[in-house]
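In structure tokens, one chain follows: the form predicted alone.
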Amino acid sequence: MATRQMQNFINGTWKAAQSGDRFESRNPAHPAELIGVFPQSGTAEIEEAVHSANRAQESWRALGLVKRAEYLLRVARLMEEDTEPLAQIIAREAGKQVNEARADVVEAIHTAQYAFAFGHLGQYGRVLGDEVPSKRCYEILEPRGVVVAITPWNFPVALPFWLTGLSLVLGNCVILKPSEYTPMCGARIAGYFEQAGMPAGVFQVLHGAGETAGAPLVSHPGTHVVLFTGSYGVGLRIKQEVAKHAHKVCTIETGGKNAVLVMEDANLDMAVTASLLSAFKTAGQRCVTAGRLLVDSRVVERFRDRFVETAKRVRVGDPLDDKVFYGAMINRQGVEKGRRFNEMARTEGFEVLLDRNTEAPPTPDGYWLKPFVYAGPWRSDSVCLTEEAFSPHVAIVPVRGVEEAVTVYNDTKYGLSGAIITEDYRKAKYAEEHMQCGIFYWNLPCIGAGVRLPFGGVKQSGNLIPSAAGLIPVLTHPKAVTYNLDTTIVMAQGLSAEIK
């Protein structure tokens, strides 16, 4: 891929940062490969983008739900035509194995199509009956204004559409601040919106670091909604900043210490497959990754033998290779954090069942971690059992029955995703009702997601306002409207309208 000097997409045009400051995006599997050079946005770019969005918002809102939705369909069609080239960019820039990268693109396409379908249905609130026949009561959903979407690198195309698709269809303007680790993906998204003829100022992309580009967008008085996916620490600062502004609202989707529960009656083939996918896909770099496998003690020996043997065969390598299971870590810091967690498992006295990090790396200069599996009894004081490693690092913990499994699942500060593998629907129902999580699966991995459903967690996995289909209350303000079609006033609840 030829190196390109990239620009921000502001008010319908491509512009460099006035300061001239720039940063590089490199291939984490081959860091010598330069993907592109991007502007480090500052005050001038932020002011122009926010001003442009506010200026465009009223005309965008006036366009109407159905016509706004048409733009999302155009974008979806453009991405469909460009699926493979875009997947190649994701694999190179994010280090995601190319099949995962294709799925990332397809998820973005589906999300854009969902936003289009939502708009074309034209459901924009509710119509209600009233105790007085001459009154008409209904609810309309008014757009909040300018949405700031701050997205992570691990789903560099899908997640921007999760946060922007409904935002745009519901009448808001959007400023996307993509991760500084995957800016080329953000630039390509801007290109699709440009090709689709999106009006100037309605959708914009600003590149840069969180501290210098993301934080000023969050605090700017001209922005109204903040949608964030990333670490809890940053999310907490966003919540605190938003709380200072009477007109702002936010949703944060943060980390997890997720788990797969394997019951004694589980189909072990299914359990091993679901657990491998949950623990190691994307090199464990998903907020929904399973860092714990909570296995009934009556089958734990059989499960762990089969799981470890399968983990030994997991292929780690070049993200562009269709035959590998997962690709590179995103950067050196991710590798170092994963290694710290692996060493912590030893320091805390757990039994290491598999550490493949003594094997030769796929490339000498890339960022690699291979599967690490350890085992031991549950300890709520263990850092490696309770904190998010964000790496291919997983524990097998024996439990006695579904109730203890659920208790152990809940014994962390997170509550994002969880799965149970069982043939007993009663156990599945118990887990569904008692696991403190926002996303639940039965006989599936815990790493999936569906745009038609809410996506978010409880405790320190978010702020109780989910993403995806759950975003509508954040993106709109419901206005209650009542019309009187009579020539007299009749008050509700029997209140007299007589003036004495």
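Note that residue numbering begins at 1 and tracks the sequence as displayed. It should be emphasised that the depicted structure is a prediction, and the values quoted were computed from it without experimental measurement.
Absent from the display: the form predicted in complex with a small molecule. The rest refers to it.
- With respect to the small molecule in the predicted complex, the three residues Val262, Val394 and Thr422 uniformly fall beyond 4.5 angstroms at the level of their nearest heavy atom.
- Heavy atoms of Glu211 reach within 4.5 Å of the small molecule in the predicted complex, making it an interface residue.
- The small molecule is not drawn, but in the predicted complex it has no heavy atom within 4.5 Å of Trp368.
- Taking non-hydrogen atoms only, Val234 approaches the small molecule to within 4.5 angstroms in the predicted complex.
- Looking at Asp104, you'd find every heavy atom of it more than 4.5 angstroms from the small molecule in the predicted complex.
- Here the chain stands alone, but in the predicted complex its contact with the small molecule, taken as any heavy atom within 4.5 Å, falls in 248-256 among 318-326, 248-256, 185-193, 396-404.
- The contact residue chosen from Trp153, Phe280, Phe307, Phe203 relative to the small molecule in the predicted complex is Trp153, the criterion being a non-hydrogen atom within 4.5 angstroms.
- Residue Leu416 is the only one of Leu293, Ala274, Val157, Leu416 with a heavy atom lying within 4.5 Å of the small molecule in the predicted complex.
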